[in-house]
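Coming up is one lone chain in structure tokens, specifically the form predicted on its own.
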């Protein structure tokens, strides 16, 4: 059983709020960080000590876009298995999307998810409320929630909001953050009809093309201007959208990118087939390059995985029956830390993109820094050694990764959630439980 009496992490290379690495001891008490010092004295009985020489201590990752499939689709993933995968990947908090069964479109469905997470989740949790044509009256009163999710495309049923009148109605009412999956459904339908005789996963990037993404992003950006409404653009995937934001990105608009859109492109269909299929799709190498530049220059604010698992049997169906989506919470931090070690970005930038920036964007208090008074959501990573992504090591129920075989550094050795050790040198502690996140959104 995990004790929450406190921890002392000894002599880790700690990433400070100033972005520097310092060899320090870190003490936690309850669910908070108590103090940092060059050398802390011997601790009281019951306080666990973790030797951390040679390891780097970072704030725990906040993954602000995941699909954990519970309720209704637990054969793909559930909140327990997904949170085990989070713990292994150094993800200490997640924000989950509303396309479960039933849909998360009212207070009762939201409360059901919160209760399920309280019983099952090893890490901290929050859940979006989904917009439909019929629930505008409750969108701004349901809670607690990080915001309203709109699917403009790549969706069927009530969550598809592709009519201008409904879309404007969501923006016109209330002040709550709106997070948008920006793809133009009419453009997608037109392209699908034009390319109906082609049956290969690579077609996915041609049907849901750059123009489909750009049209939708332009539309929500205009609505955000009109109503001065806090807007977040989910999983930005194209150079076209990034270039639009270079020209027009108000202070109240944020955007994210996934590791797969930074590290994979359409050439991945050649060796991954439908395992490379996701929404929005993978893009061309030029898109990857522009997305990287936009991230480095602050046009893109942070990183999310869009963790969306399906079974291998489902992914093996012939296109277009194969579902879109891929897992990501276990590999996102090692992928990005490997990029830092290889000189593509800095360690402090990775921590900002994956911890502090999501906390600021969603108004999640006391997270994203290793400093006294902040929550003890921490991850000790090994930046000295490389290990491959192997299916047999994965905690996600779907059991596969598009990055299988990639040799990565920065794997978590210990993951701490609210002062509790959830992942420890290859083992998950199933008794650990996270806490519901609170949100104090900025205007």
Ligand code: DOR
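Quick caveat: nothing in here was measured; it's all calculated off a predicted structure. Residue numbers count along the first chain shown, from 1.
The same protein also has a form predicted together with this ligand, omitted here; what follows describes it.
Enquirer: Just one of 105, 279, 338, 348 has a heavy atom within 4.5 angstroms of this ligand in the predicted bound form, so which one?
Expert: None of the others qualify; the residue that does is 279.
Enquirer: Answer with one of 257, 308, 361, 242: the residue that has a non-hydrogen atom within 4.5 Å of this ligand in the predicted bound form.
Expert: Flagged contact: 308.
Enquirer: Within 4.5 Å, heavy atoms only: does residue 67 come near this ligand in the predicted bound form?
Expert: Yes.
Enquirer: Taking this ligand as it sits in the predicted bound form, is residue 230 near enough to touch it, meaning that at least one heavy atom pair lies within 4.5 angstroms?
Expert: No.
Enquirer: In the predicted bound form, does residue 151 come within 4.5 Å of this ligand, counting heavy atoms only?
Expert: Contact with this ligand, yes.
Enquirer: Report yes if any heavy atom of residue 99 sits within 4.5 Å of a heavy atom of this ligand in the predicted bound form; otherwise report no.
Expert: Output for residue 99 is yes: heavy atoms within 4.5 Å of this ligand.
Enquirer: If contact means any heavy atom within 4.5 Å, which of 322-330, 107-115, 162-170, 369-377 contacts this ligand in the predicted bound form?
Expert: That would be 322-330.
Enquirer: Could you run down 179-193 and flag each residue that has a heavy atom within 4.5 Å of this ligand in the predicted bound form?
Expert: Contacting residue: only 181.
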